[in-house]
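Just so you know, structure 1 and structure 2 below are the same protein chain in two forms, each on its own as structure tokens.
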Structure 1
């Protein structure tokens, strides 16, 4: 059987859980096997009681002390107990912050293969072949496991989170475990502030700076570009904030802000999966990058292969010229 693990500790109806289940279902089709969804922690009742929840699999609720807060040590011990009981061939975990913390640790604890950031799976001779990105996201690779058991972590957004064909009357079983934490003391979560509202949320047009803008000084060119559009704002990729060129409140992505403006102009941004997670749903995406192979072009609607600063300067001059032209024309009339 294939074991899917619910996103640790958040309500299990979370999209990440459903995506892991989707991937597990695909693997089970390849293996002619079944799926069980395991949830550790306490929020599962909420999921079960939610209206219209349909699942293509039964559920095991792992219960025990030390699971109230996510922690790799306790979760891995508890899940290992369930794995010994169910004997799954694959264990599928969402590649979220917690899932990504747990999955490689669990894989080593149970001597399984670990295949991470999986974006697709297909069957070959009754075994799964996984697709995952490599080489800075510019390439992808197909990999197969060389162990009897495999832990798979799933790239967020790669599999469907929509309710799958299934029965809402899925069966829930309880699996009590006793794990004692010896080396880890969870202390709960902490809210952090990203600073004041940067206007990103309401902007119709976002001009975003990536590492490829080269230096802080070039930001003024991007600001000038943004000022051509009403209701515009300046965004950034994570490294630009790490360098201190712009505050973290302007970071777009998986661990930044999620935006979907009418127009998103990515300047010197490679298009990592984490950045795409925050802006992929923008209505129009324009990318300026001097590398034709940059992944951002695979997700953009229009692209210019050029040095950022040079291109923006030429573009700004052109707009000025056109506008002066318009102004002269209207004077003549």
Structure 2
């Protein structure tokens, strides 16, 4: 049996949870096994009444007084009780900030193998072979677990978060636990301010800046490029925000915004897995980078190997020439 763990403290249909289930389903096909989704601390009726949630598996709700707010100690102890009861071969957790905190702690607690930031899985001899990035995303490696149990954390955006084929009225069971916290005490959750509305959530076209744009002054070129499209927005990679060139509210990535525009133009962005986690689901990805070996090109639908500022200036000049040509033709008519 394969056990997927729901993302704590978010709605039942959260993308991170759906991605973990998608990965678990692929593993179950290799194992010829079944999938169960476990959720700690959620309300029973949330899963019963959530509109549009479709799952190809049943749900077990882990209930206990120590699970009202997420903490690794309490959640790991509660999930360990369920693992002892169900005896799964794999435990799949989304590689979010909470998942990245929980997964290695849980693996240590149950003496399981731990394979992080998994981006793909295939079968070989009836066993799963996991693909994960290495060397800052410049290469990929295949990993096979030799333990009876394996904890897998899924790279956000690597697996489909679309509604899965399944029963809307999936079976939900309660699994009560009694967990006493001895090493930690949660004191609540602080929301991180995202700043003013940047338009990223509803943009059809996003032009994103990476450190490869060279300097803050070149942001004006990206803004002019974005202005060519209706419903566009300016995004950024983590380094650009760290440099202070743009506010963190514009950051796209695992620790920033997750976006799915019709067109995503990555300018001077190398393509780390953290950034890909925030924009991988874009319908069309165009990458502009002067490093032909940049990882972003492996995920782009179209790529331009050129200095970003040089390319954008040439592109803007061509657009202006075309518009001037149309105006001249209109005047002649």
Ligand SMILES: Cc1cc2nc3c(=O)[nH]c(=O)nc-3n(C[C@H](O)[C@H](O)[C@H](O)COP(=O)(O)OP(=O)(O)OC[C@H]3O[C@@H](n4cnc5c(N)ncnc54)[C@H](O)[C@@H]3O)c2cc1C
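So that the term is clear: the rigid core is the largest set of C-alpha atoms that superpose within 1.5 Å between two forms. Residue numbers count along the first chain shown, from 1. Computed from a predicted model, the values in this text were never measured in an experiment.
Which of these two, 1 or 2, is the form predicted together with the named molecule? Form predicted together with the named molecule: structure 1.
Would you say whether residue 263 is displaced between the two structures, judging by a C-alpha shift of 2 Å or more on the superposed rigid core? Yes, its C-alpha moves 2 Å or more.
On a core-based superposition, does residue 35 travel 2 Å or more at its Cα between the two structures? Stays below the 2 Å threshold, so no.
Does residue 277 move its CA by 2 angstroms or more between the two structures when the core is aligned? Where the cores coincide, residue 277 still shows a C-alpha shift between the two structures that is 2 Å or more.
How many Å does the Cα of residue 290 travel between the two structures when the structures are matched on their rigid core? Reported C-alpha shift between the two structures: 5.8 Å at residue 290.
Quick one: CA shift at residue 317 between the two structures, core fit, Å? The alpha-carbon displacement, core-superposed, is 13.0 Å.
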